[in-house]
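What follows is a single chain, given as structure tokens, in the form predicted on its own.
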Amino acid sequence: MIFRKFLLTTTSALVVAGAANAEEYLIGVMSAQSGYLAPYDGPAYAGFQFCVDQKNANGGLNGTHMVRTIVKDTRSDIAEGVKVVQEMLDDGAQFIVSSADADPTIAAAQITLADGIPTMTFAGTAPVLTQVGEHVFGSYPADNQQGAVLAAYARDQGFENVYLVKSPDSAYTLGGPEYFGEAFEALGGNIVGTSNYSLNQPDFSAIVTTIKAAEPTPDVIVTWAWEPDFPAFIKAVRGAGLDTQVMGGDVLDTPTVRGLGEVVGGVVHTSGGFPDEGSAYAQFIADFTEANGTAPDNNYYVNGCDIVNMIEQALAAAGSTEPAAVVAAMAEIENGQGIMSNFTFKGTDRMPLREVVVARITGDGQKEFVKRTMADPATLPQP
């Protein structure tokens, strides 16, 4: 995969003419090259480094700060993540970009808390991740935003009864379905049943049997399961003859899931963006493809680039690289300019308020745009 090429160089700095006098800004990056986070961290890092290189080619962030990155592999292991974050801080990292999940981000943020180093997750969406401290930020639309938008869409389709499938092994897989359920009930829907599973569970037949026996019969099944659990789950559902509508979170927006074929045809999921013709998103794909020979195939690439944009705008507003100033400036950004979508931290719990896309997987492995909207902050389920 293209991101592996980037990871071969653990420290990257692009030296350009005219940038000799620019200050250096050192960013430490956690990026799992193996394990359950690799399908998300890898693309996010590829997009991140691509945009760092673009900024450096133009004199750095805001034309004043050349970026140097320290990139370390966590192997999707939280203990390894804690170790590499400490190493990056010891090397002088002024900003930490953490893995694309709440649990490793929370662990990393506990290390960066002492010095208040700004810390932002690649694509962790559990809103609880910012509760570690005021120095912690999300980058992707949070699960409560995604859950609220998806629940409203489900009710608009006339669905009245939902069955939730969740795992307490992760804040993401537990919280997403619960936020959906809370919003669905607030809109007049009913939760007719709930099942728990374990991460990396190979057999979902017992859960499917329980769903088939639910009374009343669910109109829709909702889960935030990721790979390899979601493929195993959807195959069990369809293999049992259930044609019930299945919906899920942004984690289903991957080529692996879309590549499952007819078994995922019609599955609806949330996402962070969509490459509309003529959009900045579409231009990002064209530029990345031209530079690397590989087309980005999910949102995590472009969100990685947007993290660079977020840092740049925070540095400009802070007028300083001092950690507390950068943190304070980031928290006040309102309608910041992004590629996947614009972003607002002001007035939030530092999980950015961003547009949520609802998409449908087609039987031939494509992603079909359904709608794009912003969750209403006044009615968001609270962490």
Partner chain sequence: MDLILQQSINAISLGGIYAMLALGLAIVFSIVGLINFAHGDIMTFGGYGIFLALVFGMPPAVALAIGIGAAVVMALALERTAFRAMRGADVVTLLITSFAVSEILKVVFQNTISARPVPISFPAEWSGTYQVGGATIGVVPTVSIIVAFASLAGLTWVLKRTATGMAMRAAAEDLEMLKLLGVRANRVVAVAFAISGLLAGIAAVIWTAQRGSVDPMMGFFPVLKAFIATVLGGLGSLSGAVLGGFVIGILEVLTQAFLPDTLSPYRDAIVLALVIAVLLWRPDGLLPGKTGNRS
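Residue numbers count along the first chain shown, from 1. Because the structure is a prediction, the values reported are computed rather than measured.
One more form of this protein should be noted, the form predicted in complex with its partner chain, which is absent from this view; the next part is about it.
A.B. asks: Verify the contact flag for D229: yes if a non-hydrogen atom of it lies within 4.5 Å of a non-hydrogen atom of its partner chain in the predicted complex, no if not.
C.D. replies: Contact with its partner chain, yes.
A.B. asks: Is the gap between T209 and its partner chain in the predicted complex 4.5 Å or less for some heavy atom pair?
C.D. replies: Looking in the predicted complex, residue contacts with its partner chain include T209, since a heavy atom lies within 4.5 Å.
A.B. asks: Contact with its partner chain in the predicted complex for N58, defined as at least one heavy atom pair within 4.5 Å: yes or no?
C.D. replies: No, N58 is distant from the partner.
A.B. asks: Looking at the partner-bound form in the predicted complex, is R155 within 4.5 Å of its partner chain by any heavy atom?
C.D. replies: Residue-level check for R155: no, no contact with its partner chain.
A.B. asks: Let me know the one among Q86, N196, Q131, Q283 whose heavy atoms come within 4.5 Å of its partner chain in the predicted complex, would you?
C.D. replies: For this set of options, the contacting one is N196.
A.B. asks: S271, N303, T173, N298: which sits within 4.5 Å of its partner chain in the predicted complex by any heavy atom?
C.D. replies: Of the listed residues, the single hit is N298.
A.B. asks: Does its partner chain come within 4.5 Å of a heavy atom in each of Q313, G319 and K346 in the predicted complex?
C.D. replies: So, no: the whole triplet misses its partner chain.
A.B. asks: Which among 135-143, 116-124, 77-85, 210-218 is in contact with its partner chain in the predicted complex, heavy atoms within 4.5 angstroms?
C.D. replies: After filtering at 4.5 Å, what remains is 210-218.
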